[in-house]
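Take a look at this one chain, the form predicted on its own, written out in structure tokens.
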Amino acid sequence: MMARLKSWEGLLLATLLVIFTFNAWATPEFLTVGNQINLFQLSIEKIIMALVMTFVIINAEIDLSIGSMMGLAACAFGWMFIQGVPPGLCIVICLAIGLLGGALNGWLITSIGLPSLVVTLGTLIGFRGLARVMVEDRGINDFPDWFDALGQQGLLGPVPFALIAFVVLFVVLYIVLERSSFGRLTYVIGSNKDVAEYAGINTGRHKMVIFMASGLIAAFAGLLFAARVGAVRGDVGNGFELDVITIVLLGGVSIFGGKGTLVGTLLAILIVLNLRNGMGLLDITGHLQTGVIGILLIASVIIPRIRLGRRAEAA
């Protein structure tokens, strides 16, 4: 128990409790049910993508195209809808687009041997370009009422569908990462790919699965965005990948791979959401909010290195 309290997750938990307590003291509206749901709802697409990005980075890779894939899926839904394609079929096709986009990233990385940073930077531009070609500079709205209701109204009491999907996805991915052979291989490959290959592990297939999952979940997030906002444009998800990566790194996932947990990512999600919500209720500008999050990210990189240095000196 003491070891857990002294871990990075323990520090994140203590930070979260301080932020939560301050927000509750500073603004009475903070603890209302509506505000707590709104806290998640406004960033639901980012936090859903942060869950799968945890797998990508633990596997010693990066996916910079995740925000563009989200935008491409949302724009594809809008474009197909105005062409007369049934909404249900639009959803299936958009999810398939996410799988194919992730498979493209995975193939270029595992079969061609290109770095994931280069590949996903290229597909970031490519996916965004396709989204803009589809919708140009116009906005597409007037989606079916049931689709808008799915993103804007409560499904289980006041709790919306997107928040339920986030909880279910977290539980499933936690079990996969912490309680399955796939999760153990994710850590092993991320720690040392060459050793994993010498042990007979098919690292290429493993990475392919992770990138396909990243594309699929990004496309799902794009559909959630379209339902929540009730409209799509070519700039949907622009810059979201940076916020997603920030959350994952703040959660203690090593940018070099092989280290991190979904619990850490969840704590980082809660910290970022509570910080933004609390500052918003105190009328603090968005630019200052971004600066505070940036400082947290820098601290999340520096503090572990300081702790490792002290342990090395003690040894």
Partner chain sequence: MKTKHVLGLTAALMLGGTSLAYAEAIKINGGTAADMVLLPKFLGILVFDQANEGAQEAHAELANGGTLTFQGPTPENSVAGQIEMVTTAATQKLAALMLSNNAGDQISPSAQAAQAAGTKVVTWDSPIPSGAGEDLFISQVDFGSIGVVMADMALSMVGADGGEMAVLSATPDAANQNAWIDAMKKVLAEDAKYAGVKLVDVVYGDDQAEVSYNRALALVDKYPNLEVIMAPTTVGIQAAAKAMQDENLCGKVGVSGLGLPSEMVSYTLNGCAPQFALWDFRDLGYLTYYAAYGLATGQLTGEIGETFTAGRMGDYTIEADPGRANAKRVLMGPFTVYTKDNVEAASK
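On a predicted model such as this, the values are computed, not experimentally measured, just so you know. Residue numbers count along the first chain shown, from 1.
The same protein also has a form predicted together with the partner chain, omitted here; what follows describes it.
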Requested in this report: Spell it out for me: taking the partner chain in the predicted bound form, does every residue among Leu104, Thr203 and Lys259 have a heavy atom no farther than 4.5 Å from it?
Outcome: no
Query - Partner-proximal stretch of 225-233, 86-94, 204-212, 121-129 relative to the partner chain in the predicted bound form, 4.5 angstroms, heavy atom - result: 225-233
Query raised in the report: Any of the heavy atoms of Ile284 lying within 4.5 Å of the partner chain in the predicted bound form?
Result: yes
Query - Leu42 within 4.5 Å of the partner chain in the predicted bound form, heavy atoms - result: yes
**Report entry** Touches the partner chain in the predicted bound form: Ser254 (any heavy atom, 4.5 Å)
**Finding:** no
Query raised in the report: Given that the partner is absent here, does Asn141 sit within 4.5 Å of the partner chain in the predicted bound form, heavy atoms only?
Result: yes
Report task. Sequence order please: the residues of 16-39 with a heavy atom within 4.5 Å of the partner chain in the predicted bound form. Result -> Glu29, Asn35, Asn38
